[in-house]
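Only one chain is shown below, in structure tokens, and it's the form predicted alone.
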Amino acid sequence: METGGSSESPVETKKPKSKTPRKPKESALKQKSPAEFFAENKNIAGFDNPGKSLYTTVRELVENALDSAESISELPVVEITIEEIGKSKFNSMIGLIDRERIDEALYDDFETAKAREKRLAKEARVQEIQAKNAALGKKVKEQVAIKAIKGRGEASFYRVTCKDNGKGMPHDDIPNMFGRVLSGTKYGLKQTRGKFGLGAKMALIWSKMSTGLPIEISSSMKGQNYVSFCRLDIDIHRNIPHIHLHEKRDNKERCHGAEIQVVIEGNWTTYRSKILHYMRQMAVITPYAQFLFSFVSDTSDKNVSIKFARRTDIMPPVPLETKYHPSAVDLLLIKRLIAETSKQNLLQLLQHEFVNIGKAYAERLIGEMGPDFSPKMLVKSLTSQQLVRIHQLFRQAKFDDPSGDCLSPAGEYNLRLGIIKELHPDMVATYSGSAQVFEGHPFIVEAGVSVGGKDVKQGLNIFRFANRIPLLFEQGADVVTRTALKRINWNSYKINQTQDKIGVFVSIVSTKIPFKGTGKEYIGDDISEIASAVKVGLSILKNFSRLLEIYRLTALRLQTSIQQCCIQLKSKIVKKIQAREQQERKRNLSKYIPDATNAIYEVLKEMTHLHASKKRRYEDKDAELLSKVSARLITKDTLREKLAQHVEQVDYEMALEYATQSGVKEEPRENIYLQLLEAEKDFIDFHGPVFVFRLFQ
């Protein structure tokens, strides 16, 4: 017992400690602002790495500039400059003094003695092999310079500047337009260039993460006598702008537009080709715009300056915001429309908040909903169950397809001009389809096929556009690529898929592009996830089945578009082959004319000698011909000329017979562009599928 008592005594001494009151744990629930979410998931918006971030920044600024100019029907002039900033210059910009290294071994790019010995041995072996090859007379490859070791922390920085002649921005709206994520002017149901509605905001977030430097904006609207200047960054955790300077400056030049400047970490070396390809493809799809691109470096050999000149002044119409199609809405969207509508009753809601619902059809829908519904019932009084009933009826009822009037395709004329301007092909054909519908969203497919051209590789060169912006990544899985590779029989159109230089251009515009993947870089052709999605549930399977139908429909339209272009090209290629065969045939016949002339003339001279010596008599036309030969009225030159005329006549008759048998029609129409002579003229434009006729008054 004593032992037990002694063993309990230590426990008793700890009891007071266990009785001390503990502070209640704070809630583990945390929230993230939209800016914080995109900062942590920057790859979603295309900021995967420094190189991709530089490309995406350029893309976002250029597309914003085009949207701004097109919104006021101004022919866009966009200047984009990328300036390389060295380490010392960057340090001076942020107020950091350069410091010499003290402990070299501390750094990632330090080369140990063993590594140096290994590198020198490798260089010695390479030199020995090259010396042996040179002694044997073999071709010696130039020794590749050993790349300098670059530390992980050694970053490259660039100042990206974009200037446009667009609408500009209201002075008071600038901070929120750049410093508050998910706020802007592009939200709504309409065709837009952007993918997430982030624009330059994501470039500012990347600048905040990589350099800590603010963004600078200069903006002026038409008629303003001042320029709004704003220097700001973003409070990522609170999703609000942090303004350094916001003031009005004198607009001496009375210009309008915006100039945006941001300093970010990037990698020009790895993404140089992507950026230049993007600018070139943007010049193809927007031939009415002028782009001035420059890359500036301390090393003059790296400098780049390219001007993509304007080819036409015909602009597509501005995309219009449209109302939702009943089959394209979900339950959450119906609730939002009811909360935002100014209409009082259910009949007015159906008529004015959705497309393709007239008064009579709205009354029929309300009658089908059940006895709890009436045309005059207040929309604010609808219960959750009634909203579900409306949603169910929208999914099951039959509605007319929405029109494509709200869309703004590039146009067959502009697409054709853009291809000719940038690629200089031997032949080009274009096609613009009519508006089609998927899930209540209209879309239009435009296509172009070119053969030959400048800086075009052999084989298929595929150019993809979605809402008039180039898509450069994840091309292999895209519906355009798969259609061009697998569904088009190029040989049937006299086009060699491997030897010819073929350009395939496909542009899709819609109020909702069916992108696949978080990066929104391609439009999928197949749904490989269906098999795994079956395990999740029937509802998910239905969603994927609906998407699969969309992709199949899109693929079919693309195939038809490309085939229409190929049909146009086939007639041109056949004519070209015919002309080449005609020239070859004529050349083959003509090269025998001298020999045939000499042979015939010698025969005629011999016949003349026999006729004169009366050894053999010729009568009528033969005698007359021989007398002309004797009188030298017929010479070798005469025979040569007659044979050449005969070759021309035979060649013409054979070509005519071929055209009659093959049913060759008139030459397809070619585009004609008349340059404007004077800037200020009154005129009327008459638009055709592949031309614009301008009548000056």
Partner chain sequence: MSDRRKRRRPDPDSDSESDTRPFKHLLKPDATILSSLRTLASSAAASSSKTLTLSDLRLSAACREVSDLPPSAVQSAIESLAVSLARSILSGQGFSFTVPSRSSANQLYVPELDRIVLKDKTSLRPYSSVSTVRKTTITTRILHLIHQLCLKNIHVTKRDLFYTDVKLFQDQTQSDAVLDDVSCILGCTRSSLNVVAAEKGVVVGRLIFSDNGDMIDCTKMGMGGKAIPPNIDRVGDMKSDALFILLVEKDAAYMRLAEDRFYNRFPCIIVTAKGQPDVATRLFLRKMKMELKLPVLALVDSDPYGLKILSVYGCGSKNMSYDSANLTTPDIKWLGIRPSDLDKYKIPEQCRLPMTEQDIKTGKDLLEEDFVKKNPGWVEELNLMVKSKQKAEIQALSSFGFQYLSEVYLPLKLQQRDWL
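Throughout, rigid core stands for the largest set of C-alpha atoms superposing within 1.5 Å between the two forms. These numbers come from a predicted model, not from an experiment. Residue numbers count along the first chain shown, from 1.
The following text describes the form predicted in complex with its partner chain, which does not appear among the structures shown.
Asker: Sort through L643, A39, L66, I44 and report the residue having a heavy atom within 4.5 Å of its partner chain in the predicted complex.
Answerer: It is L643 that has a heavy atom within 4.5 Å of the partner.
Asker: To verify the annotation, which of these, L625, I306, V388, A115, has a non-hydrogen atom within 4.5 Å of its partner chain in the predicted complex?
Answerer: The residue from L625, I306, V388, A115 that makes the contact is L625.
Asker: Going by a heavy atom distance of 4.5 Å, is E253 a contact of its partner chain in the predicted complex?
Answerer: No, E253 sits far enough from its partner chain in the predicted complex that none of its heavy atoms falls within 4.5 Å.
Asker: Could you confirm whether E606 comes within 4.5 Å of its partner chain in the predicted complex, counting heavy atoms only?
Answerer: Because a heavy atom of E606 falls inside 4.5 Å of its partner chain in the predicted complex, the answer is yes.
Asker: How about R395 - does it come within 4.5 Å of its partner chain in the predicted complex, if we only consider non-hydrogen atoms?
Answerer: Heavy-atom contact with its partner chain at 4.5 Å: absent for R395.
Asker: Is M315 close enough to touch its partner chain in the predicted complex, meaning at least one heavy atom pair within 4.5 Å?
Answerer: Flag for M315 set to no.
Asker: Can you pick the stretch from 586 to 594, 323 to 331, 124 to 132, 156 to 164 whose heavy atoms fall within 4.5 Å of its partner chain in the predicted complex?
Answerer: Every other range fails; the passing one is 586 to 594.
Asker: Would you tell me if E624 moves between the shown form and the other one by 2 Å or more at its C-alpha, with the rigid core held superposed?
Answerer: True for E624: a C-alpha shift of 2 Å or more.
Asker: Please check if Q386 moves between the shown form and the other one, taking a CA shift of 2 Å or more relative to the superposed core as movement.
Answerer: It does not, since the Q386 C-alpha is displaced less than 2 Å between the shown form and the other one after the core fit.
Asker: Spell out whether the Cα of Y592 moves at least 2 Å between the shown form and the other one when the two forms are superposed on their rigid core.
Answerer: Yes, the C-alpha position differs by at least 2 Å between the shown form and the other one.
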